[in-house]
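Encoded as structure tokens, the following chain is the form predicted alone, with no partner shown.
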């Protein structure tokens, strides 16, 4: 039994394009964001609407490759292609873009992208365990605050920052509750539906409406699970997907894993649980800018070195979600995730002794049969069919 609320979730993107058109007519400011390190609290406190930008489909890549090298991560090429072809309505409506130095490819692509929109690049420290990392990131937050105030013609107050912190903490709590539903065995929600809900939420314009919808969906899943319904049979191998972010248009590995007999119960990546683990401290005796900086710096991305927090998170999720196998997905030319895959495999095998496979691919369908062969063998190893 599929939750009826999923039909509403699937329509969110189109509904929110209309909402953005309406917002622009009312002179609302729109801020586009590419990465989980982009602090939405500052955007909301500026009275603007934060929106995710497109970058998960293959179609715009051909246009991007006229400018960018072909041997580049598909996420970067897709993001750039959407922008230069003006086929991402969220980029089109954005008044300002927040970018970040998570990898060299994105950093250099943003130099070209600033020709199309006002854009500010936040410079991340290279590791969170280094002395001065938080101070560095605090300075970057303050620079961004000044840029937003300058470009949007507003003043970001402490009161607005605290209100934004509470709102986004409630959104993260709602998303964590949705994720937690798939701790049930068998999982009451397919991995494909879970990633659809996660991905579509990023395009949501009205945060309160989005929180209500996610809570409605979770309540419905809870009811379905209580009645013993699941899209999977008992004993279906339970899979944790880690690695590069996935969205609609780049979900082929999730689709193949479930078509071949698995159940993707958990997403560790920054399109999943990784960005929900930590809330911003709401203690009003603290500087809210420091609290925001502290929270975002904890995100365990492979751009950080070392990145042991990601390994610790994977280890915990394997236990919480009763995982039978781990799939580590890397997009081609995403060097940090590809190299870090060796550490993931070592940790999974040493601590749990369960199968772990790394898949390197792009957004195209050119390798579907090859992937299907490897995934089928992996599911068979887990005891599935």
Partner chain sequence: MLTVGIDVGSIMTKAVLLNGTELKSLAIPTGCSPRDSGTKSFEELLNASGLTREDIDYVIGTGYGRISVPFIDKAVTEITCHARGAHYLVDGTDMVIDIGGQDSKVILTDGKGNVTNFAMNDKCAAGTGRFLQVMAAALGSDVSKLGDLSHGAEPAQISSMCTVFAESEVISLLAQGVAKKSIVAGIHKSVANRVAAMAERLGKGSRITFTGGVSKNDGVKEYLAREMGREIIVVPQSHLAGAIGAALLAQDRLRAKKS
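Positions refer to the first chain, counted from 1. These figures come from a predicted structure and were not determined experimentally.
Same protein, other form: the form predicted together with its partner chain, not shown, and the subject of what follows.
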Non-hydrogen atom contact residue 381 with its partner chain in the model of the complex at 4.5 angstroms: yes
Contact flag, residue 369 vs its partner chain in the model of the complex, heavy atom cut 4.5 Å: yes
Residue 377, heavy atom within 4.5 angstroms of its partner chain in the model of the complex: yes
Close approach of residue 57 to its partner chain in the model of the complex, 4.5 Å, heavy atom: no
Partner-facing stretch of 23-31, 356-364, 312-320, 48-56, counted where any non-hydrogen atom is within 4.5 angstroms of its partner chain in the model of the complex: 356-364
Full three-residue contact with its partner chain in the model of the complex, heavy atom 4.5 Å, for 332, 349 and 373: yes
